[in-house]
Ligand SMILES: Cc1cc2nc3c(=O)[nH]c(=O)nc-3n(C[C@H](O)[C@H](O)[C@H](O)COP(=O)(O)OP(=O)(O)OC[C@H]3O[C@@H](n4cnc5c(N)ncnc54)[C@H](O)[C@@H]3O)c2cc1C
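Form predicted alone, single chain, as structure tokens, below.
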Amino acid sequence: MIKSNKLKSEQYEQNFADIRPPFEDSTAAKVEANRCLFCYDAPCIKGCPTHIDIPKFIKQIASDNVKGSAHTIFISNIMGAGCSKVCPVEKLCEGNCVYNLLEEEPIQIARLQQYSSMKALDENWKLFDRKSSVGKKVAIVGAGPAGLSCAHVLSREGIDITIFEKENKAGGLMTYGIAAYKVTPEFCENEANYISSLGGIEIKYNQELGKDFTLAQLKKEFDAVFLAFGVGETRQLNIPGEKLEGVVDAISFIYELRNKGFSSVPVGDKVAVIGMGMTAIDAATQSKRLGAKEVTLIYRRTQDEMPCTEYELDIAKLDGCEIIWLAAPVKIKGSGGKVKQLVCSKMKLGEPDASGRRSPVDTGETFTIDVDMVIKATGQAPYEKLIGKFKIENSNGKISINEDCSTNIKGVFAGGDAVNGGKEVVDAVEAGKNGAASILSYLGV
């Protein structure tokens, strides 16, 4: 039965505690920092989409220059604090650490990054000065990582920024779509406030493109526009029974969890999660931590093709989630309008598809599992109708941009998930930086 408030308040607190806690004191951070080999042409930097000078910021921690360390992080990634909590570092910076080749534990880069960047946020260190206003105005649509990153770079150069955000909080999927044991809504709010505290950045909330304002209005009022509105709703399964009570999409489920609080969100006793990306893992683990008795992840390929990392998969396994590989949902059965069973096809792998992964092929065999809740984590679809409405060139809803991040409309630039269809937070931050650099060039600043 789907119900909320299954656990005691202290259980929720324990279940959703920080999964990657910071170093307890400066001594622990320095000990870890001094393990670093400070490689020349460091592979960890190459593994970071924002190209943070990792050996430099670690050396600054080792020499007790924490403020300098935070500046080194933020000059490349203004959302370095958030990224230290949510990045799949095991396939990025830490995955490229040379210690992996020596069969030793890699440097805990994420925790060291968290140590410096969180101090900067907590103590509100003023690490950047804004240049005097140059009289140019830029509109940014979306206060997610790409939008905030773009805003910070532009504002530092004296550009006046107005961000239009459809939600009532900044942060995008950082705020609304990531597990609470990684980042809390309070943290996301603090990070957004820290970024905007530079000055010259105004965020207008509850303002949705196509509903509260148009692209034509922005072009008329501003010198340039940066589109960073991310992606839209969860892709549908398009199977019978999808409208039954108890079938929800993962983003909405996590959104409710972060918006209403743990005890207010209903969860089933037997939950099936469709998908194997980061969002699927977040939905599955949080279902378990909300009090679900059984949680089963269902994925149409094998472990070798899964989008999530081994680290994320291990979190789900440690939480007691079951996994069924090579299975795809074909029907959801119900009784009295409520979910009762999930019917799946057994799959096998065929030839590689456009993504390079082997395609799942239906074997014709099926199996059925008893469920009272189905969570769809099948990826998010781009805002194809919205983009088409404004005659922006796109590929299946993903905005098409040139090398300089410009769209087919003069003065309109784009970046982040709206362009790439959905990648990591750190990729969005880099896209924001690149967009800002192009806008500065376009404005002649």
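As the structure is a computational prediction, the values presented were derived from the model and not from experiment. Quick note: we count residues from 1 along the sequence shown, nothing fancier.
Quick note: we don't show the form predicted together with this ligand, though the next part is all about it.
Chemist: Just to confirm, residue 187 within 4.5 Å of this ligand in the predicted complex by heavy atoms?
Modeler: So residue 187 does not count as contacting this ligand.
Chemist: Could you confirm whether residue 253 comes within 4.5 Å of this ligand in the predicted complex, counting heavy atoms only?
Modeler: Contact check for residue 253: no, nothing within 4.5 Å of this ligand in the predicted complex.
Chemist: Against this ligand in the predicted complex, would residue 425 count as a contact residue? Criterion: heavy atoms within 4.5 Å.
Modeler: Judged by the heavy-atom cut-off of 4.5 Å, residue 425 is in contact with this ligand in the predicted complex.
Chemist: Though only this chain appears here, would residue 299 touch this ligand in the predicted complex if you measure heavy atom gaps against 4.5 Å?
Modeler: Judged by the heavy-atom cut-off of 4.5 Å, residue 299 is well away from this ligand in the predicted complex.
Chemist: So this ligand isn't shown here. In the predicted complex, which residue out of 160, 294, 167, 319 has a non-hydrogen atom within 4.5 Å of it?
Modeler: For this set of options, the contacting one is 167.
Chemist: Ok, 156, 182, 111, 119: which has a heavy atom sitting within 4.5 Å of this ligand in the predicted complex?
Modeler: Among 156, 182, 111, 119, a heavy atom within 4.5 Å of this ligand in the predicted complex occurs only for 182.
Chemist: In terms of non-hydrogen atoms within 4.5 angstroms, which of the given stretches 333-341, 348-356, 195-203, 142-150 touches this ligand in the predicted complex?
Modeler: Contact criterion met by 142-150 only.
Chemist: Quick one: name the residues from 154-182 with any non-hydrogen atom within 4.5 angstroms of this ligand in the predicted complex.
Modeler: Result: 164, 165, 166, 167, 171, 172, 173, 174, 177, 178, 182.
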